[in-house]
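Only one chain is included here, represented as structure tokens and corresponding to the form predicted alone.
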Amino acid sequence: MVLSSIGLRNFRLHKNTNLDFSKDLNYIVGGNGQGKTTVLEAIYYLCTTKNLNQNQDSEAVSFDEKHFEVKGHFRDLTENITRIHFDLETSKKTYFVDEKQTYRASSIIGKFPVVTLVQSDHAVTLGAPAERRKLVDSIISQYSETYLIYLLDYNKTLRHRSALLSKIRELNDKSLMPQLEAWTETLVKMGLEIIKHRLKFVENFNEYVCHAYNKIMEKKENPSIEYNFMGETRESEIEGKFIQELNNSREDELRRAKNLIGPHRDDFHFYINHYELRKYGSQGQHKTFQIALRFAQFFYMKDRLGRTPLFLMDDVFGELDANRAKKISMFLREIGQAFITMTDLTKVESIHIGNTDLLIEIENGRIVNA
């Protein structure tokens, strides 16, 4: 898949910006606060309907304006024109594919696959388990509609069950217990499917992580990811373990009115040479693992979808030493189309820019050279 062009209207600093892209590497260069990351944000909106940094849609509207619009032209087996419009006064966001409105954001997931490597990725290896679950869920959801449906249904079940737990605690009404049993049965059914998908994913994904990490580190270290449900990895044993833990936690769940057991509380553990990254990894190892995860995601999704995702990379070179930057620059050659923001022009000079690559300079929301 290739993004041929994009248009931004009243989108942060970009009042009226139009860009044609290379099908290979697109380097977007500019100082801090000049609008280069905004281009990545706009691309991400077109691929997912969501904000890249999870900010409010209203924050993306240019100062003194009442709406923003982003339009993109994608080429794959077919061509698609996508457009997203946000109205500040009504707080309404509208998404169009070939001028036909799409009403469910979930129907877009995976249609225009995208991989992001951004500053906030440090939370994936250093942050809470929710960050790692979000990464895994986003990868699987882009190539498996079945998983996405299970995930949405599971989250809906969590909300209903949580509300019922609160009601039982508040009213001390034991007649509601049969309802709780019914929701618990649904929780187990949906949860088991999520766990099975995650186990299969980690089993296959580890190979991609190793390949990406070794490209950067030249096989000096051995990375891996581990996942289990309550210490169990055997599918035949997981259902029994799930039900047992729910039974053991029944009184605690009723007392706290909270869903305490299920894949929504799972974690994924990252290792280098069998040592847990979060506990023992150096700053450089964390950064390398974060980058390797995103390259692994790209090639994994490409193989699963049979299509090439877009690759967005936000100011990562500024944090790398010269050797690692060179390795990643060479690795990018295997990607296809990528969009890479950079602050330092001297870094551009140290990276080989091919004849088909594009260098875009941005200043105060305007293209000064492309």
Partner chain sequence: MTIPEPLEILIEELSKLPGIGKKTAQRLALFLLRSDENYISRLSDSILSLKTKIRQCSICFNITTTEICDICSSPKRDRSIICVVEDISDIIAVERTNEYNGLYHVLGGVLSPLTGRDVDSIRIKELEERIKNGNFKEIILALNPDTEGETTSLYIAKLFKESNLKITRIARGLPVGGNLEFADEATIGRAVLNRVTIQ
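Positions refer to the first chain, counted from 1. These figures come from a predicted structure and were not determined experimentally. We call the rigid core the largest set of C-alpha positions that still match within 1.5 Å between the two forms.
There is also a form predicted in complex with the partner chain; it is not shown, and the following applies to it.
Heavy atoms of no residue among Lys302, Gly318 and Ile335 are located within 4.5 Å of the partner chain in the predicted complex. None of 229-237, 88-96, 67-75, 144-152 except one has non-hydrogen atoms within 4.5 angstroms of the partner chain in the predicted complex; the exception is 144-152. For Ala105, no non-hydrogen atom is located within 4.5 Å of the partner chain in the predicted complex, even though that partner is not displayed.
Using a 4.5 angstroms threshold between heavy atoms, Ser224 stays clear of the partner chain in the predicted complex. Contact check for Trp183: a heavy atom falls within 4.5 Å of the partner chain in the predicted complex.
Although the partner is absent here, Gln179 sits close enough that one of its heavy atoms falls within 4.5 Å of the partner chain in the predicted complex. With the partner removed from view, the residue among Asn259, Gln285, Thr125, Thr157 that has a non-hydrogen atom within 4.5 Å of the partner chain in the predicted complex turns out to be Thr157. This chain lacks the partner; the member of Leu246, Leu199, Met190, Val118 within 4.5 angstroms of the partner chain in the predicted complex by a non-hydrogen atom is Met190.
Taking the rigid core as fixed, one finds a CA shift for Arg250 of 2 Å or more between the shown form and the other one. Once you line up the core between the shown form and the other one, the Cα of Glu185 ends up 2 Å or more from where it was. Relative to the superposed core, His274 undergoes a C-alpha shift smaller than 2 Å between the shown form and the other one.
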